[in-house]
Structures are given as C-alpha cells and as structure tokens.
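Let's start with one chain on its own, the form predicted alone, as structure tokens.
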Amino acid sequence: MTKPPLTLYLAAPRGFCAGVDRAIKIVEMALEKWGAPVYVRHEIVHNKFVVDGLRDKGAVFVEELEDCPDDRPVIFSAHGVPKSVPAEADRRNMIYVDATCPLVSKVHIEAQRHADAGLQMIMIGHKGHPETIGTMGQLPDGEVLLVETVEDVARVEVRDPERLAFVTQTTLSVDDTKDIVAALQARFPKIVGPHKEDICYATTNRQEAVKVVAPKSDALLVVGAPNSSNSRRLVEVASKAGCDYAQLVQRADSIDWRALEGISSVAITAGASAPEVLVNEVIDAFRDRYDVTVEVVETATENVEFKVPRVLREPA
C-alpha cells in the first residue's frame, strides 16, 4: 500500500540545553564516585525518559531533603533550590552536589544583589514551579513578590514603588514576558531590570525556531514532558504563530494519529529537557505511516557548554 507523502520540518535548535546536559552528567558522575544509591531532590530535569534512565542506574528521586538519609549523597536539581535546602544539608553534614543551571544561578545572584541594595524584588514566573520556588527562596519571605500575568501587575502591593527590581523565570515565553515587563515599567517607572535578559538562550532559540516552522506546518509536535515549563511554552508559541494543531507529546506512543489525518506537513521540536532519542522515535513513527521528507530548519547555532565540577562538594 502506497504511503501518503509528508514533509517533516525539524526545528533546530531543539532538545537538550547546556544546563540540562550538565545536570545529567553530575548525577552520572555522582553514581560513579559514590555508587548507588544517590539521592536527587526533585526530578533532575523534567523528563520521564531521562529520570527513569537515571533511576535504573541507581538514582533515587525524592521531593524533599527530609526524604534523604544523612549518609548518602544528594543532588539538587537543575531548577535550583531555596537557600534553606543547602543550609539544612550543611546542618546534617550531608554530602551534596548543586546541579542548578548556571543561568538560574545567575538570577539568584541578581536577586541577592538587588536585595543587598535595599530593593524589593518582583519575580515574573509560574507559581509552584521549582525554579520559581528556588529563586524566591533566595531571600526572606516577603522580599520577592510573584506575578504571573499583566493583570497581576495591576494588583501587586509593594513596600516602596520607587525601590523595586524584577527578575524572571528562565523558561518563560519571551513574548508574554515582554508584556508583563512593559506593565511593570508602566506602573513602576523606576523599577530596575536585569543587566542581561533572564530568559535563557536555549528557551529563546527554541521559541524562535518554532515561530519559523509553525506557520508553514499543518501540525506541530513538541516532544517534552507535561511538567516541563519550556516545553509547554513551545506549544503556546506555535499556536500564536499560526499553527492550527500544536500538541505536546512525551514520545511516539502518545501521538494522536486520528487528529493528523489528511495533513501534508508536520513540524517537530523538543523541549530543553527532551533527549534526541525521543525525537528520532517520533520521526520513525511517521516513517512507518508516511513517505517522509525531512527538512531541517535551523535558525541558530548553539555552542554553549557549562563545565561540570571536577570535585563534587563534600562536608568538611
């Protein structure tokens, strides 16, 4: 039976970013150094395939430090943690490794610098996301106020409207964040912004690639996890860029083939915590059903690499 023709637009960049790659390597190095089990506070990155693979090697994933024994190493996820977490690990004299993405750490340093200058912080982010919890946890309660929407900006109550600064979660939609920043600057003209954009290069690059492939595709699939903020933002960006059918899929077996009947083109991308093996799995699934022509659409070249610490931190 003849397969129908289909063009696959493969967005580039896509998939793993430098921070995710570094965090995974840290877990693997810890397992090599100390053997199993090694504990990880929260999913090291938001991807079930990655987490399951590390679990098979001996990583134990928990949500809180209290779930970890004192005598086994613990790793803090790439999303970052409140200051209270390493402080508690020090109190318990635990072996621990901080795998926080360096770009998230930059936001933490920024927040502390502004606080030291006497400024109250406003964070643009998603309530309950581990990165937001970690960043807000760098300062005492009440020193960081969260806004999620333009409407939140109108309602937020600050201590002194002339002594404010803002930071953002690194995985947000670039366009949505611009609107919130504009609202903050309109209401608080003296608010201080970051020296350099907080939204990370990988988030920006993946969103820009989606903006190029989405308008010319009948459908766009984002390979990623439901709890991955940057993956969900890619779906939103695709919809706003003109793609009528944009969906998040964890892997090939979650594709809704009935929804794709009659299409002639599909764009594929992947969130920053999704490995390329899952993208290839999706492409193979399309090859099983269609006569596929793959066209790579590259909008940026990434050569960022974050160093993995040679010596993993141990208590004195």
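Owing to the predicted nature of the structure, the values given are computational and were not obtained by experimental measurement. The numbering used is simple: start at 1 and walk along the sequence shown.
Not pictured, yet referred to below: the form predicted in complex with 4-oxopentyl trihydrogen diphosphate.
Screening 168, 138, 217, 229 for any heavy atom within 4.5 Å of 4-oxopentyl trihydrogen diphosphate in the predicted complex leaves a single hit, 229.
Only one of the listed residues (89, 124, 209, 101) places a non-hydrogen atom within 4.5 angstroms of 4-oxopentyl trihydrogen diphosphate in the predicted complex, and that residue is 101. In short, of 115-123, 156-164, 239-247, 74-82 it is 74-82 that has heavy atoms within 4.5 Å of 4-oxopentyl trihydrogen diphosphate in the predicted complex. Contact between residue 106 and 4-oxopentyl trihydrogen diphosphate in the predicted complex is not found at the 4.5 Å heavy atom cutoff. Interface residue remark: residue 273 is counted as part of the site for 4-oxopentyl trihydrogen diphosphate in the predicted complex, having a heavy atom within 4.5 Å. At a distance threshold of 4.5 angstroms between non-hydrogen atoms, residue 131 is in contact with 4-oxopentyl trihydrogen diphosphate in the predicted complex. Interface membership of residue 24, defined by any non-hydrogen atom within 4.5 Å of 4-oxopentyl trihydrogen diphosphate in the predicted complex, is ruled out. Shown here without 4-oxopentyl trihydrogen diphosphate, the chain has no residue in 145-161 lying with a heavy atom within 4.5 Å of that partner in the predicted complex.
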